[in-house]
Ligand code: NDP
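Shown below, as structure tokens, is a lone chain in the form predicted alone; questions about how it binds or moves come after it.
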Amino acid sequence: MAIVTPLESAPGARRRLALANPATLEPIGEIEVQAADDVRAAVMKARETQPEWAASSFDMRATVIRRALRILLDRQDEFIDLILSETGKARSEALQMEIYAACDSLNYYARRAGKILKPRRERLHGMFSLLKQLHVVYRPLGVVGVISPWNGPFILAINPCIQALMAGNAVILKPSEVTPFSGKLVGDLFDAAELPAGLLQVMLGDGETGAELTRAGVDKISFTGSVATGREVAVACAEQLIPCTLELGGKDAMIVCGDADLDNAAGGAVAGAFMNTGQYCCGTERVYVVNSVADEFTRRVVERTQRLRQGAGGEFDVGAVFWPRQLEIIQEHVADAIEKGAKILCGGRRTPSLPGLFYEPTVLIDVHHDMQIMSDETFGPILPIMRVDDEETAIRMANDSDYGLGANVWTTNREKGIAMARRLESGSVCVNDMTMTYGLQEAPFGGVKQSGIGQVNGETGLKGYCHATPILVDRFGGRQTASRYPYTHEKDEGIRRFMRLQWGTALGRRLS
């Protein structure tokens, strides 16, 4: 993400932040930090406009979303250029991760949200089916706060906004202070798509602005970011008794079985570790490979890694580290690993030929779980490879982590791969692929352990922006309730006889 520098402000004036390109170190602009009054005013405006939007049809909402899709397709190069200026990532990654994924999300929810959230009748069991009718309707929560991160600054901002809007909510979006302009693109896009004013407002600022949003009276917070900040968001939401989804850090494990296609597995390891300069929450950060194939697998990984191109313009494969502090963490983790016995096979240093925040794609061996590189989230272009005796050991080591966001298993035996995936303590698992579940709209995505709370995307995520309201209708106009009193021993005995018939006989249990 961009390099952020606080600027001097006059007494009583808003704080200002200057941003610079992490790849070229050139300035790219300034923002003013919006304060508590700004956030609360935005929430009030959202409250005024949301009821009419909630009363609108899914077709009307979808019309706006489809309009945004057409605009994004037409202006994609403009959007990509801005994203690159803040992140220094490869142009292909901006196209695939940010623009293609956003287009897919816009189209998916415009087409399917109405069907997913359509009121439905649920068949009741037993005697209740004769007496009652159950209808379930999905009501929007109201105003949703979205706090998005810097590593996927456009897609991780727009995707929850699309879902919340299609569910009938208003949204207050607070993007990371180091990629604010990529987040602001979301607001610009929906303004151009003629979304009614007040339904999507973008608050620019730093952690102080985000903290104000969590306490500004919204009805839900959708947060993507670090574990430490996620805990603070969870506390704020718990104090107000409002829901939150937290998509936090990861330390994704990759298991390479003895029967894996080693060329595909090596390619998957390199893609999983170095895509987006390793700065995505479900990047491959640990590899466990069985001894029988470890040498050949490692050779192929190193060979592929050494062919990767780094750069700040034109065609290249691995971009800059987005943030100075992240570069420090990467360096600390590698230094700790070397001190404790790890060996560098390639990379292992800040890229000397480039001026910005670049770190060479790095492969490490002889690693173990007492190293930070195997226990803490590195979030950089580092691929540590650990040899294990067998697949059982690989599963045990993969589960030996405080994180559980994604994982992947590589084997030519599909059934074995699925069986191993079921045993991994992870929010999602891919077989013969890098962890890419977030990119599949139908798949619920979320972590276990310290990797988060709740799930986003698909039917699960969309319904998370609603309250499922059961509406129960008595078939006989309330006759049973009206005759409830007085209580008598005779009525109690009748209930007991019915209970013995309903659950004390095989036929009764089956009918119930």
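Quantities reported herein were computed from a predicted structural model and do not represent experimental measurements. Just count from 1 along the sequence shown to find any residue number.
Just so you know, the form predicted together with the named molecule exists too; it's not on screen, but the next bit is about it.
A heavy atom within 4.5 Å of the named molecule in the predicted complex is found for exactly one of Gly268, Pro361, Gly225, Gly427: Gly225. The contact residue chosen from Pro381, Gly404, Gly210, Gly272 relative to the named molecule in the predicted complex is Gly210, the criterion being a non-hydrogen atom within 4.5 angstroms. In the predicted complex, no heavy atom of Tyr465 sits within 4.5 Å of the named molecule. Remark: Cys281 counts among the residues lining the named molecule in the predicted complex, judged by a heavy atom distance of 4.5 Å or less. None of the heavy atoms of Val321 is located within 4.5 Å of the named molecule in the predicted complex. In the predicted complex, Ile147 approaches the named molecule with a heavy atom inside 4.5 Å.
Using a 4.5 Å heavy atom cutoff, none of Asn107, Asn159 and Gly183 lies near the named molecule in the predicted complex. The stretch among 122-130, 295-303, 391-399, 372-380 whose residues place heavy atoms within 4.5 Å of the named molecule in the predicted complex is 372-380. Heavy atoms closer than or equal to 4.5 Å to the named molecule in the predicted complex belong, across 225-262, to the residues Gly225, Ser226, Thr229, Glu232, Val233, Glu247, Leu248, Gly249, Gly250, ordered by sequence position.
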